[in-house]
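In the block that follows, a single chain appears as C-alpha cells, in the form predicted alone.
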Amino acid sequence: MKKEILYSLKSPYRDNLDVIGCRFGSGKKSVAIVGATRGNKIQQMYICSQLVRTMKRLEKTGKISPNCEILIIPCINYYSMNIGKRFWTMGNTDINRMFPGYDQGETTQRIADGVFRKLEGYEYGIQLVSFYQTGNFLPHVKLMETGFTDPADMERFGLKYGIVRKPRPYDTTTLNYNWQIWETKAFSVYSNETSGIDDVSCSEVVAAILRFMYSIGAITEKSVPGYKTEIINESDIYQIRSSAGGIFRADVPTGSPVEQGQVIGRIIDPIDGKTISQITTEYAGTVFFEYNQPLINESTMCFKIIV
C-alpha cells in the first residue's frame, strides 16, 4: 500500500487539511473508491477503512491483478468531521456540490478541484454516500443515468437492488455526475447508516465492492456470493407520506413483504395515546425505506415500497 497526500490545504488556525489516499497495485487506473465527503459520514469512512484493511491483505498475498491500480480515499472533509459538522466548517458549503471544482474559486471548489484531478482517468468510480432522508433502508447501488454507464454493471455488486435515477439540475455538480462526464463509470453505494456505525451493513457493502472488483478482474480473490440484483427505476418506487403529526410507530421493518391495503404503521396522539392515523400501502411489494424517528410531522415521507 502507498499512503499519500493527494491534496493539502493550508490553514492559519489548524493543521493542514491533508486528503489521504491509499493506493494498491500499479498500472492501469482501474477503480477509485471515495468515502466521506461530508463531516457526518462516519459509516462511509469506516467502510473505507475496512476496505483498506482487506486490500492490504490481498496485496500482501498477491491477489491484486497485474496492471491494476486501486485508489481508496476514506475521507475528504476531516475538518468538519473533527467538530461534528456536516458541511465545510467556515463557509458551510458542501464539497459534494462543488465538482469538478475550480482551482481559483472558493475553498470547497479548490478542494473539489484538487481531489478530482487525482480521480480522473479511472475506469470505474465508487462513491459511498448517505441517504438524504432520516430512516432505515436496504443497502443498494444507484446509477445516475447519463447514458455513459451501463445499468447492468450494477449487477456486479450483488446487492438486492440497483436503482437508476435521472439526474436533476443540482446533480451536475456532484462527484458521481462529473466522473461520468469525464468518462469514468460511476456508481453510488448506500449503507444503512451515516453518523453512526452499523457493522452488518458495513460488511455487506465491503463484500459488494469486493465482488465488483473481482468481477472486473481487479482482484483475484472471489468474495462471498451475493444476490441476483433487481434493477429498477427510482420513479417506480411507491412513496407514502404521513397524514398527521404525532408519535410514529412502524409495524413492519425494512425488507418485509407487504400486501395491498396492509397497515404498515401508526401515528399516535402524544397526549392520550389514541391512534390518530393508520398508514396503509396501496400496493403489494417490499419495504425499501422506513422513517425511524419517534416523532413525525404531517406530510413527512415515512415509507417507500418497491412494487
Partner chain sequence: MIKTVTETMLAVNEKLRIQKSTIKNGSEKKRICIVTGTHGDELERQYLAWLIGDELRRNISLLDGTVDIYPALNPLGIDSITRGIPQFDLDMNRVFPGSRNGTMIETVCSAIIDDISGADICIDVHSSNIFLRELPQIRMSVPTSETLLPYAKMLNVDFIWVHESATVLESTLAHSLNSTGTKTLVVEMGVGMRITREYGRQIFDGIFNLMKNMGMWKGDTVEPRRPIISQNSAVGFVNSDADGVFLPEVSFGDYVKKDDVLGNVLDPLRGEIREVVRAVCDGLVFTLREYPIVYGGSLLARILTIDDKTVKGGGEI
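Because the structure is predicted, anything quoted here is derived from the model rather than measured. Numbering follows the first chain given and starts at 1.
In what follows, reference is made to the form predicted in complex with the partner chain, a form of this protein that is not presented.
For the chain shown alone, Pro151 is not a contact residue for the partner chain in the predicted complex, no non-hydrogen atom being within 4.5 angstroms.
Although the partner is absent from this view, Gly114 stays clear of the partner chain in the predicted complex, with no non-hydrogen atom inside 4.5 angstroms. Using a 4.5 angstroms threshold between heavy atoms, Gly147 stays clear of the partner chain in the predicted complex. Remark: Glu298 counts among the residues lining the partner chain in the predicted complex, judged by a heavy atom distance of 4.5 Å or less. This chain is displayed without the partner chain, yet in the predicted complex the stretch 84-92 from 84-92, 211-219, 230-238, 184-192 comes within 4.5 Å of it by heavy atoms. Although the partner is absent from the chain shown here, none of Lys2, Arg53 and Ser203 has a heavy atom within 4.5 Å of the partner chain in the predicted complex. Pro270 is the sole member of Gly261, Pro257, Pro253, Pro270 with a non-hydrogen atom lying within 4.5 angstroms of the partner chain in the predicted complex. Residues of 116-149 that come within 4.5 Å of the partner chain in the predicted complex, judged by any heavy atom, are Tyr132, Gln133 in sequence order.
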